[in-house]
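The chain that follows stands alone, in the form predicted alone, written as structure tokens.
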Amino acid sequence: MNTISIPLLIVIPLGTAFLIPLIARKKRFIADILGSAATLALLVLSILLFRYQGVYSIGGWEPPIGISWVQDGFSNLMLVIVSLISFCATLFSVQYMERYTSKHKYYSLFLLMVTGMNGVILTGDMFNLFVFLEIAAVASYALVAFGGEHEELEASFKYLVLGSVGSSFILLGIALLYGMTGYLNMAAIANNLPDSNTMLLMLATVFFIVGFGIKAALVPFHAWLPDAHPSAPAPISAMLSGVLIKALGIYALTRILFNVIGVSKLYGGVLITLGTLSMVIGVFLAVGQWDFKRLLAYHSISQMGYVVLGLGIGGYILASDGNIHAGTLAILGGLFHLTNHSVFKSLLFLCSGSIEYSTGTRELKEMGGLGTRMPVTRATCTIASLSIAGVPPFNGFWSKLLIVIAAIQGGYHWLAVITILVSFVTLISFLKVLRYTFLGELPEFLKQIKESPKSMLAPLIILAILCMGMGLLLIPGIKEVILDPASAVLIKGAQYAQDALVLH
């Protein structure tokens, strides 16, 4: 029964995406109901299947010939994250998207994007991964341009061009792996790759790092993100930053590097370098921003640096047979921060949408004194700001603490210092946000504003509660059920191939 349920994670959003334009063209509330129902169903299903591990062969064709979908600890964690943020985003969209026309097209594109992300997470086939990645990417290009204004169209075109470049690198990497092994199934590729790093294998790895680095907006491949995120509607910004750059970028790159090619000291060092650059450059670019959503976009680059740094430290230590405990802790910290970032960054973008909905502006200098008129938005935005800055006891603190401890135990004290300094600069940046947005005197043109509608506040409250309580995931007993199975998949490395075949 569980194996039969795996395709529903693809079928539900894909089927609803095609159904909505057919029956909700004239009645907008039907699109709201179907969109929210689909994402809620995905959330419930991903939770019910969370502890299940298995392989589903499409059409009964056995791997490595047929296409398979693989469910393990890593993919299960990602599915819950995507489903949670998707549900909160669709709930927020019910009222927020009323200002836009063609609401049925919005939900259809939204669910196609979710379909693509779920497909990337589940697939055990390289070309299938590319197809789902393109489905999600094309839908996201259209959603960034959904407003139809000059700014949105320009940002979407830039995103399209750079996204296509990234996709081309990924396709070339897949072609090289296929040429070396004769397979597209990930498990079969892992079993048939040469033992040593040949020039072709290293070239394929470089293509994957560049291609998925663009999708994840890692420095220096980040140029598209600061324009795309501010231009998109707020719930789409939450999706792009909260889950899309993770599913299409971080998850896919990590899956291939750790479970297919096999991480080495060289690749671990590359991840450490990219993570450190993204952390530092992203946060300093964010500090000088006055457009709220643009500031958040640069912080997405910085926070992805934390995730990649943790994974890179873990991969490097494990590949060099160093302190195994430190390597395991670094990978756990990277994955935990990926989970935490999905929650607090989505909350921040939805808070920016709530503020823009009421005030009509994203410029921090034009705001002030909103705390008395928008108390719920203020409270949730404050919680999210403290979370991203790593202030205890909020969730961002615990994942950053794991990365710092792992860096110290692994002997990388300078990385631990950089991580702490970046968190301090992040805190300064968000103190500026809170000061200019909610404190001070209310401008004259904002005298009549009021709090956002309840349907927009509900997802803010849900995500804020998670920001306060997700530190509990590190409690023994809970950690072994939720976080450890995901980190174990990466720690095992190429053992994924044998596990996928055994599960089948």
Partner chain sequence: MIYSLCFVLFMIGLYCVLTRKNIIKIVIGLVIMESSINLFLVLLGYKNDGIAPINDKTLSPLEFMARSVDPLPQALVLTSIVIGLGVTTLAIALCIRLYEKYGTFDISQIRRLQG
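Every value quoted in this text rests on a predicted model; they were computed, and no experiment measured them. Positions refer to the first chain, counted from 1.
Although not depicted, the form predicted together with its partner chain is the subject of the following passage.
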>> I have N323, V376 and I465 flagged as a candidate spot, so tell me whether each of them has a non-hydrogen atom within 4.5 Å of its partner chain in the model of the complex.
In response: no
> If you check I408, V161, M202, I428 against its partner chain in the model of the complex, which one has a heavy atom within 4.5 Å?
Replying inline: V161
> Which one, V417, V287, V165, L266, lies within 4.5 Å of its partner chain in the model of the complex by heavy atoms?
Replying inline: V165
>> Can you work out whether L401 and its partner chain are in contact in the model of the complex, taking contact to mean some heavy atom pair no more than 4.5 Å apart?
In response: no
> Do E98 and its partner chain come within 4.5 Å of each other in the model of the complex, heavy atoms counted?
Replying inline: no
>> Can you tell me whether F207 touches its partner chain? I mean in the model of the complex, with a 4.5 angstroms heavy atom cut-off.
In response: yes
>> How about E154 - does it come within 4.5 Å of its partner chain in the model of the complex, if we only consider non-hydrogen atoms?
In response: yes
> Can you pick the stretch from 311-319, 428-436, 136-144, 384-392 whose heavy atoms fall within 4.5 Å of its partner chain in the model of the complex?
Replying inline: 136-144
>> Given a 4.5 Å distance limit between heavy atoms, list every residue of 284-316 close to its partner chain in the model of the complex, or none if there are none.
In response: Q289, R294, Y298
